[in-house]
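We give structure tokens for two forms of one protein chain below, kept apart as structure 1 and structure 2.
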Structure 1
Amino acid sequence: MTTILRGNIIHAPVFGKLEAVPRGFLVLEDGIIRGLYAELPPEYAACPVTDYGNRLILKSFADLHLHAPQYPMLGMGMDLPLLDWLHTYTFNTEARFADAAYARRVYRQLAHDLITSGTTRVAMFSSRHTDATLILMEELERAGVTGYVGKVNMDRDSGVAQEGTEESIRETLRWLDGCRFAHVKPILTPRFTPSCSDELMAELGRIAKERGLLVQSHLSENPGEVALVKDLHPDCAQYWETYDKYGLWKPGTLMAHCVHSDQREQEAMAASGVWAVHCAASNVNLCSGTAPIREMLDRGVHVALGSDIAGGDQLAMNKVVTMSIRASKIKQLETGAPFLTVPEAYYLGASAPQEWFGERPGFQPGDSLHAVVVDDGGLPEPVRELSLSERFERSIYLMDKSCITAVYSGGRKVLG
């Protein structure tokens, strides 16, 4: 079935460059993009058009690092040092997800809030709980969020949230057997090296290989953590090697933060096709630092963005995009590395992740439609008619849920 969306279409098919098609046409067949046109080709003249008038149709956002069971603690404990924050809030909050009914309520709200904020794709950490993880996947599926979710593995130094090694492996297999969702897939998720025993890491490496599963974890977030990992794995010269040792460092592996990744670690990422997920808000909130994103990009590292709920306090990815710009401006003041422009940061939050999902950046024929329709009519009245790229920029800075009037995810209309 052929359908057509019409509006001011803006996307970023190339890093740093926007393409704007005023009052353009997106032609879809069963939710798959067939083409993006300034003028409608005659063969589609009879197809139904959903016309969004003067609104903007943007590629929707992808959030490649967030902790679903931390959603209840969003915006709390931000004055605490990392370890106190972890022990006062994080582990206690995550432990609560043993309660399936509670998990259902929180995850339903989270899934809904993701869609209404324009985020249609995720790579997400759950807690260690198999049942709550399956509930999370079900609620994402129901709301129209697509992507990957991981039951977290953590059999070491994790307070009340900890699990036994055998239990962790057994529950991981039970969880994998329970994953039967069309749009939400499993990803293996060792929390990070300090909270996983060698035995568990080795087993996860085996499972990843056997079942062809992707992997996500944390890397070089703060200097204390880096030093701890060094103590735990004296045979490894650098943090990333503790993942590599167990077969978890491979193409498509997502590593959140990478604030303190030096040239060698960055080169290891580029060489292996490992992705850095930049979490600018969280890195500042938890005093981790400002990640060397420009450096990583220059070295050919794949970079995407993450809200890192609840180290980050902002779920809406347009706010994460602008926070990434701000963090890069701080970095420029420190090192001189040019800051991320709006088109560049938007590319990292919307286009780059498409490659991780096996598609091409922007609205491309053959890919499924992920889009957000933005009504900027309520923003302050400008002094003159704005160009589409100006309207795009201020929407990225200013839009909130009230501006988002429709959302498409994986070809389906999921809002509006």
Structure 2
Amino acid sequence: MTTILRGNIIHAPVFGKLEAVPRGFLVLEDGIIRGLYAELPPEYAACPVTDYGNRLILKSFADLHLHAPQYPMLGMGMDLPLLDWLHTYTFNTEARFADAAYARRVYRQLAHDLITSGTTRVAMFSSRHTDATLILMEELERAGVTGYVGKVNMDRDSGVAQEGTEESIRETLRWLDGCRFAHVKPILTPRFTPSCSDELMAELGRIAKERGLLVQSHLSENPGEVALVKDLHPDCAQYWETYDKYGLWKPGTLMAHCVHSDQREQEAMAASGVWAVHCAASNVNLCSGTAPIREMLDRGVHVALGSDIAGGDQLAMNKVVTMSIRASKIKQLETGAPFLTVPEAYYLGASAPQEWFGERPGFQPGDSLHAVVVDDGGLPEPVRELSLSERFERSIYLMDKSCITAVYSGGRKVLG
């Protein structure tokens, strides 16, 4: 079926560069982009058009690091450093998801919140609970969110959220056997090295290889965490090697934070095709530091953005984009590295993740449509007519759910 959308189309097919098509046309066949046009080709003249008028049609956002069971604790414990925060708030909250009915209520709300905020793709941590993880995947599927979810593995130093090693392996296999969703796929998720025994890490590496699964975890977030990892693995010169020795450091692996990743660790990421997921709000909230994003990009590291709720306090990814810009300006004051511009940060939050999902940046023929329609008419009235790039910038900084009038996910209209 042919679907045609019309509006002010803005996307970022190249890092740091916006392309705008005023009152342009997006032509889709069964949800797959066939072309982006300034003028509608004659062969489509008889096809119906969904005309969004003067509104903006943007690439929707992708959140490549967030913790679903921490959604109930947004805005809590922000005065604590990472390891204290985990033991005071996080593990206790995550233990609550042994209750499937509670998980259903929370995850249904979370899935709705993601879509209404313009986030259509995710890489997400669940808790250690198999049944709650399957519920999370089901609710994301129902709401129209696509991407990856992982049952968390944690058999060491994890308080009430801890599981036994054999239990963790057994439940991981049960969860994988239960994953039969069209748009939400499994990803192996060792929480981080301090929470996983050597035996568990080795087994997860085996499962990843045997089943061809992607991996997500944390890396070099906090100085105390880095020191703890060194104590646990004295044979490893750096944190990243604790994943590498078990087969978990490989192309497509997502590593959240990387705040304290030095040149050698960054080069190891670039060489192996491991992605850094920048979570600026969380890093500031938990006093972990400010990640060297410009350094990573210059060294060829793939970088995307994550909300990292609930270390991060904002789920909406446009707020994550603007926080990333602010954090980069702090980094510039420290090191002189150029800060992220609005088009660059938007690229990291919307376009760069498309490569991780196997597509190309921007609205490209052959890729499925992920888009958000933004009505910026309710924002403060400007003193003059704004350019599309100015309207885009204001929308990234100021839009909220009331501005989002339609959302398309994987070629399907899921809102509006």
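Only residues modelled in both forms are compared. Just so we're on the same page, residue numbers count up from 1 along structure 1's sequence. Under this definition, the rigid core comprises the largest set of C-alpha atoms superposing within 1.5 Å between the forms. None of the values given here were measured: they were computed from a predicted structure.
- Here, the chain labelled structure 1 is taken from the form predicted together with a further copy of the same chain.
- Once the two forms are aligned on their core, only one segment of at least three consecutive shared residues with Cα displacements of 2 Å or more between structure 1 and structure 2 appears, at 80-84.
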